[in-house]
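Coming up is one lone chain in structure tokens, specifically the form predicted alone.
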Amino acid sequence: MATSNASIDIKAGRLSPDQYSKNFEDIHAPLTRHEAIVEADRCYFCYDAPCMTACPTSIDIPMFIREIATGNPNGSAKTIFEQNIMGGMCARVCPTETLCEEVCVRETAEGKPVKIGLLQRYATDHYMADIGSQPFERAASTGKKIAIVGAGPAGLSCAHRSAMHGHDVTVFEAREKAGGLNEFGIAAYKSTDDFAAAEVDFITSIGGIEIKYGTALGKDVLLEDLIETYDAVFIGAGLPYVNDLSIDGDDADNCIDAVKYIAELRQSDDLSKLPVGRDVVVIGGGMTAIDIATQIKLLGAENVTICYRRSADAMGASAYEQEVAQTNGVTIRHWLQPKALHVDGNMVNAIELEYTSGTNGSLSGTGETITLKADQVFKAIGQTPDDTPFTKTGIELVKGRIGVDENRKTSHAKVWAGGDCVAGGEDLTVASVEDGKIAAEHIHKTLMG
């Protein structure tokens, strides 16, 4: 469907340097010492601790809050790190509003939960600034070698816990930098001051962990070779591909992979060089859709619209995250699915969307359409796995993802897996950290008999 592209408005440098700095400063100001102690005093230190049950890594939340209240933030951080070595990043990116804080007794009684996420950040940031060094010592060497695929949250968590047990760990990372989605995939205003890289250094400082960068599974290293060479293998490779819109024109130059754009934004040392449209449409309803839409608005786009095919309640992004986008000027429209892209040459200048309706979980188009002007269209409709590296190993796959048991063990005797690449995996940093920790403990138990 061709129309003129003369009106497409994409350019860099829409804002002043001061505006970029202000727009991408930390979304939540960290608590001061006084604020942290006052907030910690609001905790009831519940005996049954529903907040602890809601935490995927089972952090002893009442304990770490009590330690803050008694003026011991470093002790509080150690309590956190014992269960979650990436407690600093999780404090920044966890959807606490749908996890620990949602079940807080004060939330139930007053609609105002204890600020568990900010308290966790206060403790972990204090420790990393005050102590800096690793709070755990590495056990004596076991002589066992573990290969880990992917230096994201699952891989780093598994690497750290395995190194703690005295195993020698080699991490194979396809990119030139570690951290996975923490480094490349989350909104820049959630993790400022290069925190993701600092956390990687903090984790690996325990020793016994080597990271080999620029080494992709299936290309630079084969899984069958790792199985042959190492005593155990953990796969935390994430999801490498983004779903297309499956309509003509979704390969146009300005119909963009949202994950790739966010990665470029996160690694940019000059936000004024990023191309930004005046009118932008984002297709999707998860965290990636929210993150790209909010950031493209903060980069100077005039009109940003998220279009999602179902209701607000069905969106993968929490109500809080939706509110963050809307507060920053993003429009969220529901019951709309892409029908056609208006393309001239290799540039989209508008998108036609069809209204949808849902009955008993079944979605259908109504036949009624609208057309929105679009200088850029961002695809944020989910990521997909790459199952080709596993075809020769006999690892059981479920719809392209790796099947694992409760110990994160695959069908292969020497292979474990965790994070987004496993069947049933949750798209949460904290869940990936827990996967890596559980796998490391079971690997250790298996290797040591």
Partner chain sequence: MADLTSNFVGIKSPNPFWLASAPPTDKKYNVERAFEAGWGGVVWKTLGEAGPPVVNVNGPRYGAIWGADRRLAGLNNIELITDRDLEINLQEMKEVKQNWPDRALVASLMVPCEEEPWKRILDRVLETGCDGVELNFGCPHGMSERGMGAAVGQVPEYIQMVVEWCKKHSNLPVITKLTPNITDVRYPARAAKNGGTDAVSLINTINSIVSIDLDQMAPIPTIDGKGTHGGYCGPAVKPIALNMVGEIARDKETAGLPISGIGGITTWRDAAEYIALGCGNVQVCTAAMTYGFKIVQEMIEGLSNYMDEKGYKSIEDFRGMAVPNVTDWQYLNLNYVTKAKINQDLCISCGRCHIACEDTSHQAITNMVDGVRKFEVIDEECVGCNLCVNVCPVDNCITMEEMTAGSDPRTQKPIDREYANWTTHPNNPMAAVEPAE
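Residue numbers count along the first chain shown, from 1. The model shown is predicted, which means the values in this text are computed figures rather than measured ones.
From this point on, the text means the form predicted together with its partner chain, which you will not see here.
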{"item": "Heavy atom of residue 406 within 4.5 Å of its partner chain in the predicted bound form", "value": "no"}
{"item": "Contact label in the predicted bound form: residue 371 to its partner chain, heavy atom within 4.5 Å", "value": "no"}
{"item": "Residue 38, heavy atom within 4.5 angstroms of its partner chain in the predicted bound form", "value": "yes"}
{"item": "Proximity of residue 105 to its partner chain in the predicted bound form, heavy atoms at 4.5 Å", "value": "yes"}
{"item": "Answer option from 222, 109, 363, 314, heavy atom within 4.5 Å of its partner chain in the predicted bound form", "value": "109"}
{"item": "Among the candidates 389, 50, 56, 382, the residue which, in the predicted bound form, approaches its partner chain to within 4.5 Å (heavy atoms)", "value": "50"}
{"item": "Partner-proximal stretch of 24-32, 419-427, 40-48, 396-404 relative to its partner chain in the predicted bound form, 4.5 angstroms, heavy atom", "value": "40-48"}
